[in-house]
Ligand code: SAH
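Only one chain is given next, in structure tokens, and it is the form predicted on its own.
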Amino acid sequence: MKYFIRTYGCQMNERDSEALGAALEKAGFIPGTEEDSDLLLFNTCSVRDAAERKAKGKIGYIRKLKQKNPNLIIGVTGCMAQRLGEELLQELPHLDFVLGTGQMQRLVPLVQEIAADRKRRVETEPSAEVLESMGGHDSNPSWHGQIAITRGCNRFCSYCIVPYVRGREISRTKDSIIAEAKELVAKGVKEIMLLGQNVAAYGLNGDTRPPADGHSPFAELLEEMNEIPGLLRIRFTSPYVSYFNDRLIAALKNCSKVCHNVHLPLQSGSDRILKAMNRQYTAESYLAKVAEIRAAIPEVTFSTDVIVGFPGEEESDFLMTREIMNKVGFEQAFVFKYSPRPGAKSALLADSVPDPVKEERNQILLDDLKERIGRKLASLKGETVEVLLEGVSARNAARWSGRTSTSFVVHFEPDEKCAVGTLRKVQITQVNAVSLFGKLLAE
């Protein structure tokens, strides 16, 4: 049988889809296309309404394929599946199964059961078994791999439904993560991204309090991964700022393979809005943590997530957000216009900021970001940087691209020694508003 998986949403979903595909192939399935497969699986997102509407629209369109092939099995998994459950079967009569986020390890037997009896199914019960059962990877991975080290979240931000659709926070064992990392490196992976809703809460066993100074199981994991032979770089996303203690900062500073780019979600620069969001820090404490990280690692770069137009956000609140973004100097930012999500606490609040105002504020922050990036890139001209080679540039086949530890992409003309997944030095010779260009230095 052939299978095809369409993925929506975040890196966690991408990682889950990779593991689901590996499980299917282990059971004898082979990859196919949307048109010729016997199993179509949609791994969905529920963070924003637009993501759900996009997935539902695509699944609705697929009914034409089912009319041509009545034996086709169509399933939905991911956050939308967990949130809506039985409702999806009622809304989409050509759908065969709904598989929740806690039951993904059940995909193969579930599909086999449906192929035998053609009965529709919904499985959305929570299960900790999924955590250690989703470690499969592509048989021939690229230079970059991802490992999910936690699932779920305990933060309960008022705008977010992740704790409700992915469950409470649970962590994998360190031994299983290290074993998976070594397996990836043995297959040629050179860079590993560690994933978790609050990755810095790894190993805290569900404790909802940030760790005390001097204690960070996540830092211990980074230190052990840093010793894996053949692994060149380690990245991670996303840590909650309150969990970024002195122990973790020391690990970032001292582990040579841990990249010096930190994704540190801000969401708002207004203490009043942060409180309404149930973000348990203040603008002042956020800036203090950034300063602490930067003091230890001067070359560090920061990226962030920001929401504009949260219920009750006034112009003064927005200006505070704009000020703190420029003060930190984020080199990358994902700016989202607020939209209420059913089940999240903020959905009970009036969506008081008009859409045109959200759009205007969104664009202002993006324009600021563009200006900051231009200044930062210009400051790098003449510098020599180390990049991990990623291969031929997507925009120019005559050039290759590589990424610095601080997550800047550099384009350059290759030499005969260039190999994907190796580290090389490049001198920056030219910059434009969004890109770096350089000369590859001889080894």
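Being a predicted model, the structure only gives us computed values, none of them experimental. The numbering used is simple: start at 1 and walk along the sequence shown.
What comes next is about the form predicted in complex with this ligand, which is not displayed.
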Original post:
Looking in the predicted bound form, is this ligand within 4.5 angstroms of a heavy atom from every one of 47, 238 and 305?
Top reply: yes
Original post:
Any of the heavy atoms of residue 143 lying within 4.5 Å of this ligand in the predicted bound form?
Top reply: no
**OP:** Although this ligand is absent from this view, report whether residue 279 comes within 4.5 Å of it in the predicted bound form, heavy atoms only.
**Re:** yes
Original post:
Is residue 337 one of the residues lying within 4.5 Å of this ligand in the predicted bound form, judged by heavy atom distances?
Top reply: yes
Original post:
Looking in the predicted bound form, any heavy atom of residue 261 within 4.5 Å of this ligand?
Top reply: no
Original post:
Which of these residues, 159, 244, 318, 286, gets a heavy atom within 4.5 Å of this ligand in the predicted bound form?
Top reply: 159
Original post:
Among 301, 197, 270, 103, which has any heavy atom within 4.5 Å of this ligand in the predicted bound form?
Top reply: 197
Original post:
Counting only heavy atoms and a 4.5 Å cutoff, which of 133 to 141, 362 to 370, 339 to 347, 227 to 235 contacts this ligand in the predicted bound form?
Top reply: 339 to 347
